[in-house]
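Below you will find one chain, with nothing else, as structure tokens; this is the form predicted alone, and questions on how it binds or moves follow later.
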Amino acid sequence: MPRFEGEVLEVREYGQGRLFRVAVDSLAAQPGQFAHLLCGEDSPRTLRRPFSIMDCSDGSLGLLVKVVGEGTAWLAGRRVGDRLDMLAPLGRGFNLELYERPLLVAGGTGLAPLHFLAKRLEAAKGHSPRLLWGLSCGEDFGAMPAWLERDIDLSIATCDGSAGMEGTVIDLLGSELARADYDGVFACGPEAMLDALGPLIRKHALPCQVSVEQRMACGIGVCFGCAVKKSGEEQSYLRVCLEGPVFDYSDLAWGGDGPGGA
């Protein structure tokens, strides 16, 4: 099992987010895989938290964290020189070979695996794919959007209109699909956002790979705590930590039936 303690090399604060760079030596991760971190004192009662890997190069990996509870609050308090107990890389990542003209769609911290993917696709194809990012407001991640715009082809939607297009990332996606030609979609974000992708990708007959955000206990497929509903088969489930977190969109049940309703 790939368990190790990584030293925190850098911590950047971006509004409500924290971007950690952690030493990992020769670790090789793929876009869409995740790290499972022990957040709190080393105790058998402490469950790990999954975080998508934002990048992995030069002996370190990047993790994007937004404080939503006690575990992430503890993690946000770590400083340079602290050590993080983690399992990584875990899960199944994106298949980069399926699309020639992909569009990337992220909501909130769902940006992390898609930023990683955008940089890998840029290296492979010689140009940066377009990435759409939806936020509640422009201050959610502080100066991170401005930093990312210098690095990748990024467009932003905010619900309050304080940055980029006013509306949701699904509104932005609709506008983008109406003006340009794509042959596939990569997406990651909250379940409601991913559910709302369905009508648009069906309308434009686009295949879609989606990274699912889900609470996890073991992270290695033993406990079935992260199971999501499989499409077309009653009482059939897939484990996000093992069969995912990246799935073909059509493999999962959406709407009122899940997939997070398992």
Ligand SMILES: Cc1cc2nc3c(=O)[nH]c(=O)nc-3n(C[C@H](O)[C@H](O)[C@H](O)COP(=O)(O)OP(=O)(O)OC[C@H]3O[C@@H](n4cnc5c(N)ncnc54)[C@H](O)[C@@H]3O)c2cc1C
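All values derive from a computational prediction rather than experimental measurement. Residues carry their position along the shown sequence, with the first being 1.
Same protein, other form: the form predicted in complex with the ligand, not shown, and the subject of what follows.
query = So which stretch, 144-152, 159-167, 106-114, 128-136, is the one near the ligand in the predicted bound form (non-hydrogen atoms, 4.5 Å)?
reply = Correct option: 106-114.
inquiry  = Just to be sure I understand the contacts: of 193, 208, 61, 216, which is the one whose heavy atoms reach within 4.5 angstroms of the ligand in the predicted bound form?
reply    = It is 216.
ask   = Counting only non-hydrogen atoms and a 4.5 angstroms cut-off, does residue 212 reach the ligand in the predicted bound form?
value = Although the ligand is absent here, residue 212 would touch it in the predicted bound form, with heavy atoms inside 4.5 Å.
inquiry  = Is it the case that residue 228, even though its partner is missing from this view, gets within 4.5 Å of the ligand in the predicted bound form, heavy atoms only?
reply    = No - in the predicted bound form, heavy atoms of residue 228 and the ligand never come within 4.5 Å of each other.
ask   = Looking at the partner-bound form in the predicted bound form, is residue 66 within 4.5 Å of the ligand by any heavy atom?
value = Yes.
query = Are any of the heavy atoms in residue 71 no more than 4.5 Å from a heavy atom of the ligand in the predicted bound form?
reply = Residue 71 belongs to the contact set for the ligand.
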